[in-house]
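Shown here is one chain on its own, the form predicted alone, set out as structure tokens.
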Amino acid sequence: MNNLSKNYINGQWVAWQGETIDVHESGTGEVIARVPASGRDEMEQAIAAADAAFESWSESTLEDRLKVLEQLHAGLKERGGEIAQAICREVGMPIKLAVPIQAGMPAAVTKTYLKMLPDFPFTETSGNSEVQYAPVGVVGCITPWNYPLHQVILKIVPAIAAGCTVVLKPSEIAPQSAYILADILDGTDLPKGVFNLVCGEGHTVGDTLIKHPDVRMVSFTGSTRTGHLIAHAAADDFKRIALEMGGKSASVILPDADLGVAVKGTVNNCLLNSGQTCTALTRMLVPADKHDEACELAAAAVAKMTPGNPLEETTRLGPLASAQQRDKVIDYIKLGIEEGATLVAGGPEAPEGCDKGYFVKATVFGNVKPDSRIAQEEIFGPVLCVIPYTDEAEAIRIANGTQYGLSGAVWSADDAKAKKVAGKLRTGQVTVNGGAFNPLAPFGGFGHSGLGREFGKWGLEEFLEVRSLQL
């Protein structure tokens, strides 16, 4: 990419002459790119461009929008290898997973909107009224580093499909895929100003974006702490907000479940992307009389997940995305030991043979107390907490006993029983006996995990206002 030193504003690449931000390779710690540490002026220019483009794009035809999304989908497919390579190096997800997930999912999600958009009822009738769904306006999108393109696509594709214009502030830790996206969109028929990208830090460009009066909606994915700040800022001028934030998801293994299958499924989910996943099943709830066996199975599973170079096809566990994140996770592992949990596998020491980069051992704690900090706070690393329970009612109380409510899982030999327990979890989605991920189902959280939903028609509706004409 030749444009990493620029911002994309009003349909053109705008050179940046100021300070830059280093982008590091997660596996080595080396600097692999530099992006702008843009200021408020650049963000205001992007917002002005989006505002100027809104009227015409909001009145564009369905055919115009579909054509752009088709061109975007083709570009994402064509440059999938480049996208996977960039994210693998920045974030640390092994390349074997980065190809189908980090590069494949954005293309797949775009395709779902291509299929859904022609049938979406932008106008419908209710009694003597015509109900219209109108684009909300200029949308500010702030996205994280763990799934850097996937989270962008979940926002800009439905926003553009709805007739909104967009200003994106990608993560400065993993920005390269957003630049590839901007390059793809630059080659489509999307009118200038509909999509804009400004790179920089949250306290400058992010702050400008969330507080600007011409931005009518903020769609954010990231930490609950930052989401809290955005919600307060948006309240000042009644912006719409969609917030997808943290999680501390429970995997509830019921007494009749196949313990081996359930533990393996939980561990694989917990360690995906080295635990840098908001929906990660980081609390494994097991019957007290099966606790020790579950810990043994978990230890055996993580033993196969030795950290290694994410660019190698055989690697199953890569590094974390930054030195800051690595240090945070190691501090939590030390805290778990201090809190009295049993260290079953892993630990705070650097993995053998991984002197460079941001590696952390896959770690399992047993006998974790439900109210301990490692069981309550989002660690965002390869750390699993095994928590014993005495009966089903206690398991449900423990599962619901955090401020979060993003995801969860239930395992049982009886599908009906599993569904019944799943229906009692205060969380936005629940995997029942390893059910497959569905990109058409709504995604979002209860409580401190967020407001609003992404994916499918629910993701499109987030960017639409409702108007009724009484006839």
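This one's a predicted model, so the numbers in the text were calculated from it and none came from an experiment. The first residue of the shown sequence is 1; numbering continues from there.
Beyond the structure shown, there is the form predicted in complex with a small molecule, which is absent from this document and is the topic of what follows.
A.B. asks: Exactly one stretch in 291-299, 69-77, 343-351, 141-149 has heavy atoms within 4.5 Å of the small molecule in the predicted bound form; which is it?
C.D. replies: This holds for exactly one stretch, 141-149.
A.B. asks: What is the one choice in 89, 169, 212, 283 with a heavy atom within 4.5 Å of the small molecule in the predicted bound form?
C.D. replies: Exactly one residue meets the criterion: 169.
A.B. asks: Within 4.5 Å of the small molecule in the predicted bound form, heavy atoms considered, which of 265, 222, 401, 308?
C.D. replies: Contact residue from the list: 222.
A.B. asks: Quick one: is residue 183 in contact with the small molecule in the predicted bound form, heavy atoms, 4.5 Å cut-off?
C.D. replies: Contact with the small molecule, no.
A.B. asks: So, in the predicted bound form, is residue 202 in contact with the small molecule at a 4.5 angstroms heavy atom limit?
C.D. replies: Close contact exists here: in the predicted bound form, residue 202 approaches the small molecule to within 4.5 Å, heavy atoms only.
A.B. asks: Is there any non-hydrogen atom of residue 247 lying within 4.5 Å of the small molecule in the predicted bound form?
C.D. replies: Yes, residue 247 sits close enough to the small molecule in the predicted bound form that at least one of its heavy atoms falls within 4.5 Å.
A.B. asks: For residue 392, is any heavy atom within 4.5 Å of the small molecule in the predicted bound form, or not?
C.D. replies: Although the small molecule is absent here, residue 392 would stay clear of it in the predicted bound form, with no heavy atoms inside 4.5 Å.
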